[in-house]
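The chain below stands alone and is given in C-alpha coordinates; this is the form predicted on its own.
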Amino acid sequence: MSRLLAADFSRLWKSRDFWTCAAFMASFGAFMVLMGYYFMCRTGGKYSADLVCFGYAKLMGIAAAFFISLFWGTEYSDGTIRNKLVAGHERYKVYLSGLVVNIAGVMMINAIYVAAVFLLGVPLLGLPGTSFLPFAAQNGLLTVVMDLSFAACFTMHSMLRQNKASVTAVSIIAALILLLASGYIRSSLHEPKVYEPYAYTTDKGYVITREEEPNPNYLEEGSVKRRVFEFLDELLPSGQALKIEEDEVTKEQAGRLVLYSCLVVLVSAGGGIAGFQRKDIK
(Lines give C-alpha, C1' and ligand atoms only; values in the text may rest on other atoms or scores of the structure.)
Protein backbone atom coordinates (compact mmCIF):
# COMPACT_ATOMS: atom_id res chain seq x y z
CA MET A 1 0.00 0.00 0.00
CA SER A 2 2.83 2.41 0.84
CA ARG A 3 4.41 1.85 -2.57
CA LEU A 4 1.09 2.50 -4.27
CA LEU A 5 0.62 5.73 -2.32
CA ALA A 6 4.16 6.86 -3.12
CA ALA A 7 3.64 6.21 -6.83
CA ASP A 8 0.23 7.91 -6.91
CA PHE A 9 1.45 11.00 -5.03
CA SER A 10 4.45 11.18 -7.35
CA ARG A 11 2.04 11.28 -10.30
CA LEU A 12 -0.09 13.86 -8.53
CA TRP A 13 2.81 16.34 -8.22
CA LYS A 14 3.50 15.94 -11.92
CA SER A 15 -0.14 16.09 -13.03
CA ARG A 16 -1.01 19.03 -15.29
CA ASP A 17 -4.69 18.43 -14.51
CA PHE A 18 -4.07 18.92 -10.79
CA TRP A 19 -2.05 22.09 -11.26
CA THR A 20 -4.57 23.44 -13.80
CA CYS A 21 -7.36 23.08 -11.22
CA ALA A 22 -5.16 24.60 -8.54
CA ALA A 23 -4.28 27.55 -10.77
CA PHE A 24 -7.95 28.08 -11.63
CA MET A 25 -9.02 28.11 -7.98
CA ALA A 26 -6.15 30.45 -7.06
CA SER A 27 -7.16 32.78 -9.88
CA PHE A 28 -10.79 32.66 -8.77
CA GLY A 29 -9.73 33.52 -5.22
CA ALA A 30 -7.70 36.49 -6.47
CA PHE A 31 -10.64 37.62 -8.60
CA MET A 32 -12.98 37.52 -5.60
CA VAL A 33 -10.56 39.63 -3.56
CA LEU A 34 -10.11 42.18 -6.36
CA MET A 35 -13.88 42.46 -6.78
CA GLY A 36 -14.17 43.08 -3.04
CA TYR A 37 -11.44 45.72 -3.22
CA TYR A 38 -13.21 47.39 -6.17
CA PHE A 39 -16.46 47.42 -4.21
CA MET A 40 -14.70 48.90 -1.17
CA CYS A 41 -13.08 51.64 -3.24
CA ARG A 42 -16.30 52.54 -5.05
CA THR A 43 -18.60 52.58 -2.02
CA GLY A 44 -16.22 53.43 0.81
CA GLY A 45 -17.66 50.51 2.79
CA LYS A 46 -15.75 47.86 4.70
CA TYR A 47 -14.86 44.60 3.00
CA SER A 48 -12.51 42.04 4.57
CA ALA A 49 -10.94 38.83 3.27
CA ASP A 50 -13.24 36.65 5.38
CA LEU A 51 -16.22 37.67 3.21
CA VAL A 52 -14.78 35.74 0.26
CA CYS A 53 -12.89 33.09 2.22
CA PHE A 54 -15.53 30.42 1.60
CA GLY A 55 -16.30 31.43 -1.98
CA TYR A 56 -14.65 28.24 -3.18
CA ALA A 57 -17.47 26.02 -1.92
CA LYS A 58 -19.86 26.04 -4.86
CA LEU A 59 -17.03 25.39 -7.34
CA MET A 60 -15.42 22.49 -5.48
CA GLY A 61 -17.72 19.89 -7.00
CA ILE A 62 -16.81 20.98 -10.52
CA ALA A 63 -13.10 21.23 -9.66
CA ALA A 64 -13.14 17.76 -8.06
CA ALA A 65 -14.99 16.27 -11.05
CA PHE A 66 -12.51 17.79 -13.51
CA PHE A 67 -9.37 16.83 -11.60
CA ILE A 68 -10.34 13.28 -10.59
CA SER A 69 -11.84 12.22 -13.91
CA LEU A 70 -8.85 13.42 -15.92
CA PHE A 71 -6.29 12.16 -13.42
CA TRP A 72 -7.67 8.61 -13.36
CA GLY A 73 -8.63 8.65 -17.01
CA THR A 74 -4.92 9.04 -17.72
CA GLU A 75 -4.21 6.11 -15.38
CA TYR A 76 -6.42 3.90 -17.54
CA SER A 77 -5.29 5.24 -20.92
CA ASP A 78 -1.62 4.84 -20.00
CA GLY A 79 -2.20 1.30 -18.71
CA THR A 80 -0.94 2.24 -15.25
CA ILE A 81 -3.80 0.58 -13.36
CA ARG A 82 -3.42 -2.65 -15.36
CA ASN A 83 0.31 -2.66 -14.62
CA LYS A 84 -0.36 -2.26 -10.89
CA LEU A 85 -2.62 -5.32 -10.94
CA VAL A 86 -0.14 -7.32 -13.02
CA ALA A 87 2.56 -6.43 -10.46
CA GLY A 88 0.47 -8.20 -7.82
CA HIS A 89 -1.20 -5.32 -5.99
CA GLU A 90 -4.63 -6.19 -4.63
CA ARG A 91 -7.52 -4.38 -6.23
CA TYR A 92 -8.93 -2.87 -3.04
CA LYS A 93 -5.51 -1.43 -2.22
CA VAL A 94 -5.25 0.13 -5.69
CA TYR A 95 -8.69 1.68 -5.19
CA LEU A 96 -7.99 2.93 -1.66
CA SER A 97 -4.66 4.42 -2.72
CA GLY A 98 -6.44 6.28 -5.50
CA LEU A 99 -9.12 7.50 -3.12
CA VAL A 100 -6.54 8.81 -0.63
CA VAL A 101 -4.64 10.68 -3.35
CA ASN A 102 -7.86 12.12 -4.78
CA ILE A 103 -8.93 13.36 -1.35
CA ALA A 104 -5.52 14.93 -0.81
CA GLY A 105 -5.63 16.56 -4.24
CA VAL A 106 -9.11 18.03 -3.74
CA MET A 107 -8.18 19.37 -0.30
CA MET A 108 -5.00 20.96 -1.64
CA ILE A 109 -6.93 22.63 -4.46
CA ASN A 110 -9.31 23.93 -1.81
CA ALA A 111 -6.46 25.15 0.39
CA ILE A 112 -4.79 26.93 -2.55
CA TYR A 113 -7.92 29.05 -3.03
CA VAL A 114 -7.90 30.06 0.66
CA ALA A 115 -4.17 30.81 0.53
CA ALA A 116 -4.65 33.05 -2.51
CA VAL A 117 -7.51 34.89 -0.81
CA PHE A 118 -5.48 35.67 2.31
CA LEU A 119 -2.17 36.37 0.58
CA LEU A 120 -3.83 38.99 -1.62
CA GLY A 121 -6.79 39.86 0.59
CA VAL A 122 -5.01 40.77 3.82
CA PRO A 123 -2.83 43.49 2.21
CA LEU A 124 -5.78 44.91 0.23
CA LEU A 125 -8.72 44.37 2.56
CA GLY A 126 -7.24 43.92 6.00
CA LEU A 127 -7.36 41.14 8.58
CA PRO A 128 -10.66 39.42 9.44
CA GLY A 129 -12.25 40.28 12.78
CA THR A 130 -12.04 37.97 15.79
CA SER A 131 -15.70 36.98 15.30
CA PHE A 132 -14.57 35.19 12.13
CA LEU A 133 -12.61 32.52 14.01
CA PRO A 134 -15.54 30.39 15.33
CA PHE A 135 -17.17 30.34 11.88
CA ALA A 136 -13.83 29.55 10.24
CA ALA A 137 -13.29 26.56 12.53
CA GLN A 138 -16.77 25.16 11.90
CA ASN A 139 -16.77 25.80 8.17
CA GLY A 140 -13.24 24.44 7.91
CA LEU A 141 -14.40 21.12 9.36
CA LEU A 142 -17.44 21.09 7.09
CA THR A 143 -15.22 21.83 4.10
CA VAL A 144 -13.09 18.78 4.90
CA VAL A 145 -16.09 16.43 4.98
CA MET A 146 -17.57 18.08 1.88
CA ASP A 147 -14.30 17.47 0.02
CA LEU A 148 -14.35 13.86 1.23
CA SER A 149 -17.85 13.42 -0.21
CA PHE A 150 -17.00 14.90 -3.60
CA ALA A 151 -13.75 12.92 -3.83
CA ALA A 152 -15.44 9.62 -2.88
CA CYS A 153 -18.27 10.07 -5.40
CA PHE A 154 -16.09 11.04 -8.34
CA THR A 155 -13.45 8.44 -7.49
CA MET A 156 -16.12 5.72 -7.69
CA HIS A 157 -17.27 6.98 -11.08
CA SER A 158 -13.76 7.40 -12.47
CA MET A 159 -12.48 4.02 -11.26
CA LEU A 160 -15.44 2.07 -12.64
CA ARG A 161 -15.33 3.49 -16.18
CA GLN A 162 -12.34 3.48 -18.50
CA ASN A 163 -13.27 5.96 -21.21
CA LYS A 164 -11.51 9.19 -20.22
CA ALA A 165 -13.61 11.53 -22.37
CA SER A 166 -16.98 10.16 -21.29
CA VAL A 167 -15.97 9.99 -17.62
CA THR A 168 -14.85 13.62 -17.67
CA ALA A 169 -17.98 14.84 -19.45
CA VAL A 170 -20.38 12.87 -17.24
CA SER A 171 -18.56 13.89 -14.04
CA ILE A 172 -18.63 17.61 -14.84
CA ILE A 173 -22.26 17.47 -15.98
CA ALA A 174 -23.18 15.57 -12.81
CA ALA A 175 -21.44 18.21 -10.68
CA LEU A 176 -23.38 20.97 -12.46
CA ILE A 177 -26.68 19.11 -12.09
CA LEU A 178 -26.05 18.58 -8.38
CA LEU A 179 -25.30 22.28 -7.94
CA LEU A 180 -28.42 23.34 -9.84
CA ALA A 181 -30.56 20.82 -7.97
CA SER A 182 -29.28 22.06 -4.61
CA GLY A 183 -29.92 25.65 -5.69
CA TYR A 184 -33.51 24.75 -6.58
CA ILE A 185 -33.99 22.89 -3.28
CA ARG A 186 -32.67 25.82 -1.25
CA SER A 187 -34.79 28.28 -3.21
CA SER A 188 -37.89 26.18 -2.50
CA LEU A 189 -37.08 25.94 1.21
CA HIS A 190 -36.70 29.74 1.40
CA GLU A 191 -40.05 30.51 -0.23
CA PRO A 192 -42.10 32.86 2.02
CA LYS A 193 -45.37 31.61 3.46
CA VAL A 194 -47.24 34.67 2.19
CA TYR A 195 -46.61 37.48 -0.26
CA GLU A 196 -46.46 40.77 1.62
CA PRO A 197 -48.99 43.49 0.68
CA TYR A 198 -47.64 46.17 -1.63
CA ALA A 199 -48.74 49.12 -3.71
CA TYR A 200 -47.50 50.64 -6.93
CA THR A 201 -48.41 53.54 -9.22
CA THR A 202 -49.23 53.01 -12.87
CA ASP A 203 -48.04 55.25 -15.71
CA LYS A 204 -51.37 57.08 -15.58
CA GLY A 205 -51.05 57.85 -11.89
CA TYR A 206 -53.40 55.21 -10.51
CA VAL A 207 -52.37 53.59 -7.25
CA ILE A 208 -52.83 49.83 -7.29
CA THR A 209 -52.83 48.01 -3.96
CA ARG A 210 -52.32 44.30 -3.52
CA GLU A 211 -53.36 42.60 -0.32
CA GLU A 212 -51.35 39.94 1.47
CA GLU A 213 -51.89 36.58 -0.22
CA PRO A 214 -50.65 33.02 0.37
CA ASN A 215 -47.68 31.77 -1.63
CA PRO A 216 -48.68 28.62 -3.58
CA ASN A 217 -45.00 27.56 -3.77
CA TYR A 218 -44.51 27.55 0.00
CA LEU A 219 -43.61 24.15 1.47
CA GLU A 220 -45.69 23.66 4.58
CA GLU A 221 -43.81 22.99 7.82
CA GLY A 222 -43.88 19.29 8.60
CA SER A 223 -45.02 18.26 5.12
CA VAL A 224 -43.40 15.22 3.51
CA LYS A 225 -42.05 17.26 0.58
CA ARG A 226 -40.44 19.80 2.90
CA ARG A 227 -38.81 17.08 5.02
CA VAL A 228 -37.47 15.39 1.88
CA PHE A 229 -36.08 18.70 0.58
CA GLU A 230 -34.46 19.47 3.94
CA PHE A 231 -32.87 16.01 4.00
CA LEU A 232 -31.50 16.36 0.45
CA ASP A 233 -30.27 19.88 1.21
CA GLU A 234 -28.10 18.47 3.99
CA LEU A 235 -27.17 15.15 2.37
CA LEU A 236 -25.96 16.32 -1.04
CA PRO A 237 -22.39 17.67 -0.99
CA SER A 238 -23.51 20.44 -3.35
CA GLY A 239 -26.13 21.51 -0.82
CA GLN A 240 -23.49 21.50 1.90
CA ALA A 241 -21.29 23.65 -0.36
CA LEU A 242 -23.98 26.32 -0.70
CA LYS A 243 -24.55 26.29 3.05
CA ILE A 244 -20.82 26.77 3.69
CA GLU A 245 -20.52 29.59 1.17
CA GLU A 246 -23.51 31.44 2.61
CA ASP A 247 -22.42 30.67 6.19
CA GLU A 248 -25.86 29.38 7.17
CA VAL A 249 -24.88 26.28 9.14
CA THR A 250 -26.02 26.11 12.77
CA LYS A 251 -24.23 23.96 15.36
CA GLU A 252 -27.11 21.49 15.26
CA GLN A 253 -26.91 21.23 11.48
CA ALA A 254 -23.12 20.90 11.52
CA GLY A 255 -23.31 17.54 13.30
CA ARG A 256 -25.82 16.20 10.79
CA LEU A 257 -23.75 17.42 7.83
CA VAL A 258 -20.68 15.59 9.14
CA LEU A 259 -22.75 12.43 9.64
CA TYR A 260 -24.27 12.62 6.16
CA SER A 261 -20.88 13.23 4.55
CA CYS A 262 -19.42 10.20 6.32
CA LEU A 263 -22.38 8.15 5.07
CA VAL A 264 -21.81 9.32 1.48
CA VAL A 265 -18.10 8.45 1.73
CA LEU A 266 -18.77 4.97 3.14
CA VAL A 267 -21.43 4.14 0.56
CA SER A 268 -19.38 5.52 -2.36
CA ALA A 269 -16.12 3.87 -1.26
CA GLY A 270 -17.81 0.57 -0.47
CA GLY A 271 -19.70 0.52 -3.76
CA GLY A 272 -16.61 1.59 -5.66
CA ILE A 273 -14.42 -1.12 -4.17
CA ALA A 274 -17.08 -3.78 -4.77
CA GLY A 275 -17.45 -2.70 -8.40
CA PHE A 276 -13.70 -2.43 -8.97
CA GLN A 277 -13.14 -5.96 -7.65
CA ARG A 278 -15.35 -7.35 -10.45
CA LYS A 279 -14.26 -4.93 -13.19
CA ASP A 280 -12.58 -6.23 -16.33
CA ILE A 281 -9.48 -4.05 -16.67
CA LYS A 282 -8.42 -3.76 -20.31
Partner chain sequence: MEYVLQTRALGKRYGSLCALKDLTMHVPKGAIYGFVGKNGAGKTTLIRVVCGLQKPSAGEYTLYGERNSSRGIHKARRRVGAVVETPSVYLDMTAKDNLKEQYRILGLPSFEDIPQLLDLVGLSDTGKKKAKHFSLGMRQRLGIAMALAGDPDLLVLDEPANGLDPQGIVEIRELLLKLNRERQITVLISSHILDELSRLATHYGFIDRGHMVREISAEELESVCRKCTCVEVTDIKALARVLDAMGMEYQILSGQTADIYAKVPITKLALALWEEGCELVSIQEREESLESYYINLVGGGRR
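Keep in mind that what you see is a predicted model, and the values were worked out from it rather than measured. Residue numbers count along the first chain shown, from 1.
The discussion below concerns the form predicted in complex with its partner chain, not included here.
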Contact residue in the predicted complex, chosen from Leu85, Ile173, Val194, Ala165 - any heavy atom within 4.5 Å of its partner chain: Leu85
Partner-facing stretch of 107-115, 68-76, 165-173, 147-155, counted where any non-hydrogen atom is within 4.5 angstroms of its partner chain in the predicted complex: 68-76
Its partner chain contact at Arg186 in the predicted complex, heavy atom, 4.5 Å: no
4.5 angstroms heavy atom contact with its partner chain in the predicted complex for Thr80: yes
Close approach of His89 to its partner chain in the predicted complex, 4.5 Å, heavy atom: yes
Candidate site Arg3, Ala7 and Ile281: all three near its partner chain in the predicted complex by heavy atom within 4.5 Å: yes
Residues within stretch 9-24 having a non-hydrogen atom within 4.5 Å of its partner chain in the predicted complex: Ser10, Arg11, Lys14, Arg16
